[in-house]
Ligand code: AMP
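Coming up is one lone chain in structure tokens, specifically the form predicted on its own.
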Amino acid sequence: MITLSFDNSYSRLPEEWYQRITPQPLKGAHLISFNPSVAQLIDLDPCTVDPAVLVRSFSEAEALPGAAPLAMKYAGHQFGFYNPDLGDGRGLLLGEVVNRRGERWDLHLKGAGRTAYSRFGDGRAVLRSSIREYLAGEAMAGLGIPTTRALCLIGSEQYTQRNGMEPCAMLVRVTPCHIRFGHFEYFYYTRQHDELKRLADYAIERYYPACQEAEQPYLAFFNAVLEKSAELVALWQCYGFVHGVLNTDNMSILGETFDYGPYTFMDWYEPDHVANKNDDEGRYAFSRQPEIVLWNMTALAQSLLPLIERAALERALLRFNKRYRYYQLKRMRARLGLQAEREEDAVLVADLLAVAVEHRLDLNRLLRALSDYQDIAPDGCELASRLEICALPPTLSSWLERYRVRAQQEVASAPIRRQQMRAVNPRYLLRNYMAEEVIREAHGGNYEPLNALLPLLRKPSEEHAGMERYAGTPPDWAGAICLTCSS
């Protein structure tokens, strides 16, 4: 039996906020992958976990003492339109584990069956989407980008209708917080202002206790969420990550990457890239993500009007773009090995991005190549070779000369700078084709490629013997991969 220390604070809130429900077991449930580092977060010893017990514990509520499964109710703006009929339609908050360090971790079972908020769905998650979320959590954590992660991935012999008949799976998601912007929107639009205040008080007490000491605690809370959200989207932009479905119900108040769907790490720098084929108008295109996160912050601000003066919220929102630009430039300086802050750095970064757009360059591979570059020579032969192109475009050569001059102004030596650059410039990035390959194998019952990929994602800056092909150009067929909301 798995024993965890539960203290389920959310289940002590009003029962109108959720539905208590028992997970519906999957036929032939079996363990596909287990995450030791996440297990340690909840004081679960990876060396003593019995896979069969693990599967039973998370597919049958009664097998996990102390759990109090519930489906949360929330609302949200989807593609810009308010939808009141949202909630945990295929997931359950199993409970909250308190580890020996006093940290609280939500355990959330995704794919647990129908709930009151499933609408016309069956409440199941398919293997394809579950693998993609499992991989994404590890990839983002490896890059140092705030994210939810998963304790384990559970497969089954049960099938459901999606893109044809597909195998069902369950994912045990682990994160400190499952409260979304949409939770606040639900209470605001249903005019339950007392409940809105209670939710805000709960969120502040649990996640932002320092705000309790502020002169205006609710405004301090909003500013803290804004700060984390600005930093999160800045990191996405620095690594070419496209979320795909940036609805307000997919935004965490902790500023974590949340609810992975048709996400993409771009194969080349393409500002207009749309990851989600269901996004006909390109609302969630890569270049629009900062704008959309600000839009979502505005939706959250609207929901907090019963608690905070409008003028104060408007002033707070005006800070967003400045904070986004600060975090974006901070990480790009680090990726370029620049520690000193100089005014011209913003132009240097902007010009690099313009060159990447003009020549359809893979910005991540370019920056990794610069990290390994022994000498930024004028001809750029070594760099061209690493990028698998015949010769450097003149605009890139010109930019490299400016970069060489700027880098010489740094106090740190070139070897030290390169070492620091490698820490933030991954050799490997989770490309769509990599996920597609392991999904195809998993559908055939072979989970080894999936588990073999995980060490590479967790430590993307290191060398991984036998995995060199993943550092190269994606195969031609990768461009034909089609991602939709069901991904």
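We number the residues from 1 along the sequence you see. Computed from a predicted structure; not experimentally measured.
In what follows, reference is made to the form predicted together with the ligand, a form of this protein that is not presented.
> I need the one stretch from 87-95, 309-317, 192-200, 363-371 whose residues put non-hydrogen atoms within 4.5 angstroms of the ligand in the predicted complex.
Of the options given, it is 87-95.
> Does at least one non-hydrogen atom of residue 185 fall within 4.5 angstroms of the ligand in the predicted complex?
No, no contact at 4.5 Å.
> Report yes if any heavy atom of residue 144 sits within 4.5 Å of a heavy atom of the ligand in the predicted complex; otherwise report no.
No.
> Even though the partner isn't displayed, in the predicted complex is residue 124 close enough to the ligand, meaning a heavy atom within 4.5 Å?
Answer yes; at least one heavy atom of residue 124 falls within 4.5 Å of the ligand in the predicted complex.
> Is the gap between residue 118 and the ligand in the predicted complex 4.5 Å or less for some heavy atom pair?
So residue 118 counts as contacting the ligand.
> Of the residues 78, 289, 278, 397, which one places a heavy atom within 4.5 Å of the ligand in the predicted complex?
Filtering the options by heavy-atom distance leaves 78.
> Could you work out which of 162, 417, 128, 149 is the residue within 4.5 angstroms of the ligand in the predicted complex, going by heavy atoms?
Going through each option in turn, the one that passes is 162.
> Heavy atoms within 4.5 Å of the ligand in the predicted complex is the criterion; list the residues of 245-260 that meet it.
Counting only heavy atoms within 4.5 Å of the ligand in the predicted complex, the contacting residues of 245-260 are 249, 250, 259.
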